[in-house]
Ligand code: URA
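Shown below, as structure tokens, is a lone chain in the form predicted alone; questions about how it binds or moves come after it.
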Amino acid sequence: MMHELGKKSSILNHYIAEIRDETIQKDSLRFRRNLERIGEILDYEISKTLTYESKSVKTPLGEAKVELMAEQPVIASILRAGLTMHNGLIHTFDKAENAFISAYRRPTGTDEIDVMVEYKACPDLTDKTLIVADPMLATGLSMALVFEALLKNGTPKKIHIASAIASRSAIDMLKKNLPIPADIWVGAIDEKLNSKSYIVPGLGDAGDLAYGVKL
């Protein structure tokens, strides 16, 4: 299922606008904080789909019946840009298990994209709810390869993808190629990719804007 949250008016659209704004992007602290906020909002929406159970909480004046999550999800982030949203996700699910995996584009000298997945730290995913964060979904290839690697640690019962901005082609690619269907939660969907497979209008390179330009 596809959830484009920016279609509805909310404070989320202010954060999306700021991460796109080339002037505001010069403040890397603000850029990271806005992606963190976006992660918190996406996680709040995802939380509405989870399983809850009734519990009693003792107060100084009696007992209150509350609905609490029956289990915590596993929060996985794609290094390095995914770290910006990871903090927001674990602020919401503060008892969640965590996973980290690297994925990066390796230069090929051609228009073809070669994505390398080299590092993974992940708990057992069997029958758990998995949330994977990556601020940008450009082609969808990195996300598909990341899932292939993560599923070696077990098959989740439910998968969610959380992203700030995605391209239409990435959404279509993931719908067709993910080994397990996933709910995709994004702030905005852009229609175009340029010749280098960057999202247009997008925002540029999220990792570089958050943590500095890499060699």
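We number the residues from 1 along the sequence you see. Since the model is a prediction, treat every value here as computed from it, not as a measurement.
There is also a form predicted in complex with this ligand; it is not shown, and the following applies to it.
The single contact residue among Leu125, Ala138, Ala96, Val132, judged by any heavy atom lying within 4.5 Å of this ligand in the predicted bound form, is Ala138. Residue contact check for Ile16: none of its heavy atoms lie within 4.5 Å of this ligand in the predicted bound form.
Taking the partner from elsewhere, Glu191 is found to have every heavy atom lying beyond 4.5 Å of this ligand in the predicted bound form.
A residue is said to contact a partner when one of its heavy atoms sits within 4.5 Å of a partner heavy atom; Ser197 meets this definition for this ligand in the predicted bound form. Contact check for Asp205: a non-hydrogen atom falls within 4.5 Å of this ligand in the predicted bound form. Residues in 1 to 31 all lack a heavy atom within 4.5 Å of this ligand in the predicted bound form.
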